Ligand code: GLU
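Below, in structure tokens: the form predicted on its own, a single chain.
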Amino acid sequence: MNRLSDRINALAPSATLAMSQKSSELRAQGVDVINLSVGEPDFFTPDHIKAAARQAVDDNFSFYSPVPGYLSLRQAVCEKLRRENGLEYTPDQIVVGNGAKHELCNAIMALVNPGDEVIIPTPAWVSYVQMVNLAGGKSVLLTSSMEKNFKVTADELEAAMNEKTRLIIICSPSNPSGAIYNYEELKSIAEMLSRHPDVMVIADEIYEHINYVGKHESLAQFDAIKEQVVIINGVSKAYAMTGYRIGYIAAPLWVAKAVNKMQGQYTSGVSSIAQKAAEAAYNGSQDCVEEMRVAFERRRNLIVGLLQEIPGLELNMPDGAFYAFPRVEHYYGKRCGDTLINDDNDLALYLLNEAHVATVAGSAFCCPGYIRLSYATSDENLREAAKRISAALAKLA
């Protein structure tokens, strides 16, 4: 008899990966699907980074790597944090893992005990709640909305706290909304957190460089709470290196040591070749990062403009990342043939089947009533996707 553990039975599958799988299945049947469901740059990894990976192979970096990552890469991360963010970390405060997702889960597992509460502002990335569940914690969802630019205030965070609160997760720039917390907003949050020294905060900054409104601001810049902040970042989004699977934490030493201990039992060190490529990404020219950011900004302006022309869709202008997050409640109760739209899940499935455009329901991000579209694809695909979506939605009555 097959008996799975309760923790696995309670774990929900990733909605973004599930939708991407559905679109792949349709493509395999010969259907021309435009996949706007996955958060993956469509650019190729820059040449100087690929050259570093090839050189690592030739230089025989083929042995086990240190559990927290090569010292040279951790030094490169420290220099990046100093150069770009004005933050001082030492290499022993950096742990490199199999993507930012891996290090995020490691940090949650290291910090959260069964019964601890974790405050998660919503909309929130699909895996936060599930990672908290795996750690035995309880997610406390703090709802925001388009009218509030999908952000929460320090007062709202503090009002949600109690003696069980262990952790807060803040993603800026945000997946799925593109919202960015500015300096003053983060300063207010930092001042509040300084009154609660036992509460930790994870600052998910993986979209740091995809910013259309100015300089990235890190919560770790505020000295009063630096020992409460765990930064999550990596090379996937900024350098178009999703398949290389390199992310890291920058954390108080006691957190880094705990994550290092756990990683030593779970995964050991990550790919030696990918680490040398990531080192080249941080140490080399950053022109490629800006070139991709400019392209994403053009695409943002294009897709938001096209979606705003569609009757019934409501959306704001995202400040960062590469997602549009329109409200779709206007279409609830409408139908096309035998298809009735009851919620955002129905609408996402309808767009896949009718328009052959893959999106993700807002419910997956703890924010029903919306859908997420990734514009990390070509201008041509975005124009065609908007055309298909408009035609499909016009059929609903």
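This is a predicted model, so every value here is computed, not measured. One rule holds for the numbers: they count along the sequence shown, beginning at 1.
The next section is about a form of this same protein that is not shown, the form predicted together with the ligand.
Partner contacts here mean any heavy atom within 4.5 Å of the ligand in the predicted bound form, and among 64-72, 33-41, 343-351, 329-337 they occur only in 33-41. Though the partner is left out of this view, Gln275 does not reach within 4.5 Å of the ligand in the predicted bound form, counting heavy atoms only. With a 4.5 Å cutoff on heavy atoms, Tyr323 counts as touching the ligand in the predicted bound form. Within this chain, Asn106 is remote from the site of the ligand in the predicted bound form, having no heavy atom within 4.5 Å. Within 4.5 Å of some heavy atom of the ligand in the predicted bound form lies at least one heavy atom of Ser14. Using a 4.5 Å heavy atom cutoff, none of Ser177, Arg299 and Tyr375 lies near the ligand in the predicted bound form.
Contact annotation: of the candidates Val126, Ala240, Val132, Ala76, the single residue with a non-hydrogen atom within 4.5 angstroms of the ligand in the predicted bound form is Val126. Lys101 is the sole member of Lys80, His209, Arg166, Lys101 with a non-hydrogen atom within 4.5 Å of the ligand in the predicted bound form.
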